[in-house]
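One chain is shown next in structure tokens, namely the form predicted alone.
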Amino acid sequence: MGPVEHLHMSVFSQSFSPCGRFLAAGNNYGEIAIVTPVSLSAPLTPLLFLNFLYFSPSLVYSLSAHEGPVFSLFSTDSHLLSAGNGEISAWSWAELIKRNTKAAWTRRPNYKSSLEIPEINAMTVNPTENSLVIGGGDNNIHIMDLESGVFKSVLQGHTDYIHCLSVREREGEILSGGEDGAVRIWDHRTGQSVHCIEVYKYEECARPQYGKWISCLTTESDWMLCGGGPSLSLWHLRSMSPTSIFPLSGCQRQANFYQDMILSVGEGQCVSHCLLGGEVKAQIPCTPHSLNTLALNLNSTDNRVLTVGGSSHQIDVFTNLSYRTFSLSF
């Protein structure tokens, strides 16, 4: 890839392997980069992990996965799932580690027209039903059975693009956020929308200058975190009300719960560390000028790192949440 392509590259998605030793990252050119720190048989310590990442020039290889941007990546116990324009592909982690870049399978949702190729913006797995949940440019949520590969249902209700998804496994609920400004809560057993929260209509959350779209959404137990045009806010799902509003400038594109904190990225060059009560504890500078994705490696106790990507070919690596340790080049 030439210098012009590097200059205009954006990293949109990331996912760690189940073993925690490999990172996949997707960009706007339809490529997936695989970071391979060490061989699976090597004993790994945090220092060795850093040495391999920092000093070896051949850690990253990339594969051409989709014709359009890779907006979403998700790892199961055995496969890396990637979403492109109108399709989902699965890649065996065991084969990727060997640098075998052939997809295990590719599936396409049942769109209304064969000419319709909407982008897929979000993807997650419902473990209870062993199903893949995807949402994107056709305003619908498509659910695919992972065992058979068959798309079995469509959830309809959003009136514009779907940007983000989350699953509450214990409650049997799927949550979706979209361009229409709504967070919808679905009963996955019936396929019905049981609640609709229009976040932009709440005065404490509304920011008309940024619009009403919901770009990030995640849940933990009875709590929901969402934002975009409206301010990033923490909601109690039993009372359906916001409890904390985070005073972050710009639209937030991804936010995660982590221990007793919230980590968030979006417009701007910093990872924000927020307390659950609404205070911004710290903002840590990153290499990209605008941030799209953060990933916490929780699959390995030895390699507990945070990685951040955005409007750059570089992915920042944090071994301590308080500072950027180094950057990887896509």
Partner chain sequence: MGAVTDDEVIRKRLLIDGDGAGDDRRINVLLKSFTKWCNSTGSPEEGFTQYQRMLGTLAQCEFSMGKTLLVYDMNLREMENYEKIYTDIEQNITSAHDKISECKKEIQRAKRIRKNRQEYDALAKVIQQHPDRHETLKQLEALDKELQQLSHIKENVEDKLELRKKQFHVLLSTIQELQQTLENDEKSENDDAQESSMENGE
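Remember, predicted model here, so these are calculated numbers, not experimental data. Numbering follows the first chain given and starts at 1.
Just so you know, the form predicted in complex with the partner chain exists too; it's not on screen, but the next bit is about it.
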item: Listed range touching the partner chain, judged in the model of the complex by heavy atoms within 4.5 Å, from 271 to 279, 66 to 74, 291 to 299, 25 to 33; value: 271 to 279
item: Heavy atom distance at most 4.5 Å to the partner chain in the model of the complex, all of Glu220, Trp223 and His236; value: yes
item: Selected contact from Asn100, Thr243, Thr159, Ser148, since only one has a non-hydrogen atom within 4.5 angstroms of the partner chain in the model of the complex; value: Thr243
item: Contact test in the model of the complex: Asp260 vs the partner chain, heavy atoms, 4.5 Å; value: yes
